[in-house]
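Shown next as structure tokens: one chain only, the form predicted on its own.
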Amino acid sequence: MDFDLTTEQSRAKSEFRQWVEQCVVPVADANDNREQTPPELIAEIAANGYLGALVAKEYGGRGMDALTWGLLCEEVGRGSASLLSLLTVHGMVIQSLAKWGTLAQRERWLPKLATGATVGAFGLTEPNIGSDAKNIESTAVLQADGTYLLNAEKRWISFGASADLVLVIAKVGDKATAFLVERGMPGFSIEPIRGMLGFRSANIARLLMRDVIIPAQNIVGKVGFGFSHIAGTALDHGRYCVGWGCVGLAQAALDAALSYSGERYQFEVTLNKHQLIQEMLAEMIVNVKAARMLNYHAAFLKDRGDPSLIMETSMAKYFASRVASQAANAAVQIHGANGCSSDYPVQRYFRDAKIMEIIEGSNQMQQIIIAKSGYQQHLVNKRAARRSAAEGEGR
């Protein structure tokens, strides 16, 4: 594997960093306090083409490769985890339509999603259903005229308060199905959610659908494809984006800790001269680098179309989210009482990092998936070893 960036990727990384430093970092704390990402910032991220980063150029997007997209997610995650969630959920809709949408759906929606004229969100989580997503309670009933009558309540939907188009998973009978629900459809209402621990400026919302009439052409894929195909595609993308964003968040915590510990004096020397602080910094530095390498590996596999990508992405997201949480915790500790104050961003990193361990598959779900995959690979290796031994005896 070659992790060297191409000239174009290096140029893009510099572009992303400069934009985040100028447009995201200065307002991140204020947006967190207001519990809102203003429309102006969404318009600005769209104007840079970042909302259309994953849309093919034929539909007006930038057609970014996987690694360049990861670098964008890392930089945005470094500036604001809340804003990262816009890239995540908007990209979930894009990826689902690009892979499973009809030609008419792609031609109608992808150009709008690329320019930000339409903001997308993903509706899976419900009041009673989180990790057990296969047992969603939302229903859609086929009507005599070929439309579907949708009744659903989705909760904790990132940028649901801003969304113009929501990819909603509901059951038709016992078959999970993906529907495109448009803002303004009769019976569809949006209620902003405030008072969250983290992701306070992610425009999180509760989405209510009461007898919403959905035309058949708004089904993505086929009836029954909702979880196995559509949600699977969306969640794979979400884990990839969040994994990179966690690296950015961890890097922000590390940068804050390095800066503060080099300026703050205790016992007549700067904090970074104390061995216990050095231990904390060393752990952060090594773990952030390791998390970044796991995500680079996932990007390498994604650009190659390697089938092992799904598991490698789960591992990258799992490890990086733990690193982000540990790094943010250490940064707060190094800052002491100042770390608990809104005068310093590390308290925001601490709160946002906890959310990273929950979204797009909690760390516990990732552990189950990774452990099962590890055992299956162990069995495959054992069978291969036996065949090799048998062939050796045969010779």
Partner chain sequence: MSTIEDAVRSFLGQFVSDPDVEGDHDLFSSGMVNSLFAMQLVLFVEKQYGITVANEDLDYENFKSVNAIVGFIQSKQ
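All figures in this text were calculated on a predicted structure; none of them were measured in a lab. Residue numbers count along the first chain shown, from 1.
The protein also exists as the form predicted together with its partner chain; that form is not presented, and the subsequent description refers to it.
Proximity of K13, L83 and E182 to its partner chain in the model of the complex is absent: no residue of the three has a non-hydrogen atom within 4.5 angstroms. Residue contact with its partner chain in the model of the complex: G116 places no heavy atom within 4.5 Å of it. Mapping the unseen interface onto this chain, I310 counts among the residues with a heavy atom inside 4.5 Å of its partner chain in the model of the complex. Taking the partner from elsewhere, R383 is found to have a heavy atom lying within 4.5 Å of its partner chain in the model of the complex. Its partner chain in the model of the complex is approached by F225, whose closest heavy atom lies within 4.5 angstroms of it.
The partner is not drawn, yet in the model of the complex one stretch among 137-145, 216-224, 159-167, 246-254 has residues with heavy atoms inside 4.5 Å of its partner chain: 216-224. Among the residues G130, G232, P192, P111, the one placing a heavy atom within 4.5 Å of its partner chain in the model of the complex is G232.
Proximity to its partner chain in the model of the complex, taken as a non-hydrogen atom within 4.5 angstroms, holds for one residue of Q278, N151, T102, T270, which is T102. Contacts of stretch 270-307 with its partner chain in the model of the complex, defined by any heavy atom lying within 4.5 Å, are made by R304, G305, D306, P307, listed in sequence order.
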